[in-house]
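Here we start with a single chain on its own, the form predicted on its own, put down as structure tokens.
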């Protein structure tokens, strides 16, 4: 069976993240990935969840509270500043990260992720990612600005040295309306 995009993203991360690790949700949005990561790392692990929109932070906090998860730091800031927050929390190694690129569903569609901030965040996370750790990007590109970000992230990912990283692209090619796809970066 072929997995849908989000299920496959979670499958990849769940197979590489271990209990007790520190992980990153670079775009916490509505809180679904943050909750997933919180469950995967367990009570001894920790999730740093970023978003530039207060609405996303509040919604994620509500989802976590409803499910009684407290192993998350919600950070109202751009993922491009991830290294600052890692230093502030004395985090030298992360087990994995996830990004959902685009805009927050049911919100202002003019507030979107950008290629430059996403690449800056990927670069910072790769520098502290454990060996065999994964960064999974779910690329939504069917909105204004989405194609530019997609091209920036693809170019960056394709240029990563093969000796240091494995890079996978996963997506359905026969779906209409610019279906999302995954870019998974594994540090060797």
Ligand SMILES: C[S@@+](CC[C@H](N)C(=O)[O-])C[C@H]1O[C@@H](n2cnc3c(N)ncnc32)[C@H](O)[C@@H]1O
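From a predicted model like this one, the values you see are computed outputs, not experimental measurements. Numbering follows the first chain given and starts at 1.
Form predicted together with the ligand: not shown, discussed below.
Q) Hey, in the predicted complex, is residue 82 touching the ligand, heavy atoms inside 4.5 Å? A) It does not: once the ligand is placed as it appears in the predicted complex, residue 82 has no heavy atom within 4.5 Å of it.
Q. Applying a 4.5 Å heavy atom distance criterion, does residue 150 contact the ligand in the predicted complex?
A. No, residue 150 sits far enough from the ligand in the predicted complex that none of its heavy atoms falls within 4.5 Å.
Q) Does residue 38 reach the ligand in the predicted complex, with heavy atoms at most 4.5 Å apart? A) Close contact is absent here: in the predicted complex, residue 38 is far from the ligand, nothing within 4.5 Å, heavy atoms only.
Q. Is residue 94 one of the residues lying within 4.5 Å of the ligand in the predicted complex, judged by heavy atom distances?
A. Because no heavy atom of residue 94 falls inside 4.5 Å of the ligand in the predicted complex, the answer is no.
Q. So, 32, 78 and 117: all three within 4.5 Å of the ligand in the predicted complex by heavy atoms, or not?
A. Yes.
(Q) For the interface check, one of 124-132, 66-74, 53-61, 157-165 should have non-hydrogen atoms within 4.5 Å of the ligand in the predicted complex; which one? (A) The contacting stretch here is 53-61.
Q. What residues of 85-115, in sequence order, lie within 4.5 Å of the ligand in the predicted complex by heavy atom?
A. Contacting residues: 100, 101, 102, 103, 104, 105, 111, 112, 113.
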